[in-house]
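Here's a solo chain for you in structure tokens, the form predicted on its own.
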Amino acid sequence: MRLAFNTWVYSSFPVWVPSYPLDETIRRLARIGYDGIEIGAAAPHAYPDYLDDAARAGIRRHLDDNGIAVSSMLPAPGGGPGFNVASPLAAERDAAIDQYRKVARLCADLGGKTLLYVAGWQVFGTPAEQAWDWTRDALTDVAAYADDLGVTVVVEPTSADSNLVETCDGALRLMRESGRRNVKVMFDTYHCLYRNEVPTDYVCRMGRDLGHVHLADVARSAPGDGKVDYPALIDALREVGFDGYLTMEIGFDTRAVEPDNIARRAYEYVKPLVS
């Protein structure tokens, strides 16, 4: 198992500051010791429309120079364009699929192999079955495109933020219904805590279909600062043969955080558990 860090706390999503350029973020995380970086596809870091071929090649070189890999990428849902794959607006659904395709391409260009999929949210007036069908069809489309790039799409249950795929069962069902070989599932300990569930249960139930993991404790605090039994979680991951990235997705929901501090504390707590 390798350790990665999500860039939200270093960028401008969803809280505007503090904000650092991507090259500076890469340098800081590599210096702390992380193996990988999970890049959120939002300005100022990696919004696909803002990066031409030369810019992408430059990022790839900077990653290589610092000895750190792109563990995964994810788009930024919500806000102005929405990017809700279950939106009642056909134009928004189309734009969301197009954005996922662009992020999948950028992920591959930067050497990444994993794209996170957030199933969107049911808008008032839309029947749940219709919203589900839209997100399933979107996932199937995105996964077909990503497969040609060598990218795996992982479905994340996001109970604290959405109302479509909120559970382990929901993520596994959407994976199966997609019918795509390159669709797997993931979970975030933060969302497990929101549902008062035990993260190790997700490991056992997802098993070999588990492709990615987010670590975060209560209030998006660093591992070791809250309730999760991380030694038990790491043991469970070993038992199912998980050999992917453990990605810290922490600290990004408030301005009152020092990114390097929370990144370092998370690394220093988790690293001995996986060594």
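All figures in this text were calculated on a predicted structure; none of them were measured in a lab. Note that residue numbering begins at 1 and tracks the sequence as displayed.
There is also a form predicted together with a further copy of the same chain; it is not shown, and the following applies to it.
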{"property": "Partner-facing stretch of 105-113, 178-186, 92-100, 139-147, counted where any non-hydrogen atom is within 4.5 angstroms of a further copy of the same chain in the model of the complex", "result": "92-100"}
{"property": "4.5 Å heavy atom contact with a further copy of the same chain in the model of the complex for all of 24, 80 and 118", "result": "yes"}
{"property": "4.5 Å heavy atom contact, residue 41 to a further copy of the same chain in the model of the complex", "result": "yes"}
{"property": "Proximity of residue 133 to a further copy of the same chain in the model of the complex, heavy atoms at 4.5 Å", "result": "no"}
{"property": "Contact test in the model of the complex: residue 158 vs a further copy of the same chain, heavy atoms, 4.5 Å", "result": "yes"}
{"property": "Close approach of residue 151 to a further copy of the same chain in the model of the complex, 4.5 Å, heavy atom", "result": "no"}
{"property": "Sequence-ordered list of residues in 253-275 near a further copy of the same chain in the model of the complex, where near means a heavy atom within 4.5 Å", "result": "255, 256, 257, 258, 259, 260, 261, 264"}
